[in-house]
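Before any questions on binding or motion, here is one chain by itself as structure tokens, the form predicted on its own.
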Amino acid sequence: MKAIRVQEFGGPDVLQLEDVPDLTPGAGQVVVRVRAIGVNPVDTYIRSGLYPMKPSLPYTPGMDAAGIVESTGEGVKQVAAGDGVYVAGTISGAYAQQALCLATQVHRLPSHVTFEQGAAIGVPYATAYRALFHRAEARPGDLVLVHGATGGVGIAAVQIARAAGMTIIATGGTEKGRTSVGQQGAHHVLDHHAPNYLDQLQVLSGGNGVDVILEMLANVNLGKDLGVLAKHGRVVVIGSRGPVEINPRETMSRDASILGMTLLNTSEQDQASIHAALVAGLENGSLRPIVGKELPLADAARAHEIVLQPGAFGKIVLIP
């Protein structure tokens, strides 16, 4: 089969398409014939060698994919050959024509959800769900700011929060992105490039601030986030590309919390809970993954460049 391989950490050019042996499942494992692959910003951090947890070289990148179960190992009862599934984590890597997974990493894909949409579920939707419910402990009625809502995690957060009865203020950097986020369920959408957008936010909150902020770019926004939190407000740091200076007094006066998170810290029990909720949302239509761009697997390097560019809307998907 064909797979993207990384022989050394570095820039996007280290992503090389190679021939590798077909995969065979062991006990408790599943081989998925991949039809679509999700590209996540974290894939680029791992590839560069800057991520704290590094895979052994050489490796095949990627955590998210969707396709058809090709074969199963002993003891696998959740899925069978021929089932349409999405993959949230793999043993072998997702940027390939096949993916070897633990049975717990494979989830049934409702028939009305495309493989391309399925590839957009794993990291973005699980991250948004964990940030909202497991870290921020958000509740129906909370006022939630999704700070940078046009990417995969932001769109997922808007849909999940809306389905749970929260009021959402979302931000985006382009008119097209802001319009699209509004269509996904945000009650209010602001331009985070506008100099007065935080003043607009305070007006929308009645001067009380927001209960929860999901922050995609903490190195730029965290200091400002603390000034628009409500009392007992929570900021969940989902993404950051560098250090930031904050005023701790902003947290003291509000009894506010700054919460970090990474999906890799999720327990197996919590992962099962998250994906049970996500599958239910896919089934009832409240969750609708948005695919922004499709590229062939051979263009993985280009995908790694695009995924870090500002202004993108929806998920970048590779087609093997």
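Being a predicted model, the structure only gives us computed values, none of them experimental. A residue's number is simply how far along the shown sequence it sits, counting from 1.
The same protein also exists as the form predicted together with a small molecule; that form is not shown, yet it is the one meant from here on.
Only one listed stretch (135 to 143, 111 to 119, 86 to 94, 186 to 194) carries heavy atoms within 4.5 Å of the small molecule in the predicted bound form, and that stretch is 186 to 194.
Using a 4.5 Å cut-off to the small molecule in the predicted bound form, not one of Q159, P289 and V317 places a heavy atom inside that distance.
Residue contact check for P41: one or more of its heavy atoms lie within 4.5 Å of the small molecule in the predicted bound form.
The small molecule is not shown here, but in the predicted bound form it comes within 4.5 Å of a heavy atom of G173. By the criterion of a heavy atom within 4.5 Å, G311 is counted among the residues contacting the small molecule in the predicted bound form. Although the partner is absent here, Q98 lies well away from the small molecule in the predicted bound form, with no heavy atom inside 4.5 Å. A single residue from the set N221, Q105, S180, T72 has any heavy atom within 4.5 angstroms of the small molecule in the predicted bound form; that residue is N221.
Site annotation in the predicted bound form: the residue of M166, L226, M216, V79 reaching within 4.5 Å of the small molecule with a heavy atom is M216.
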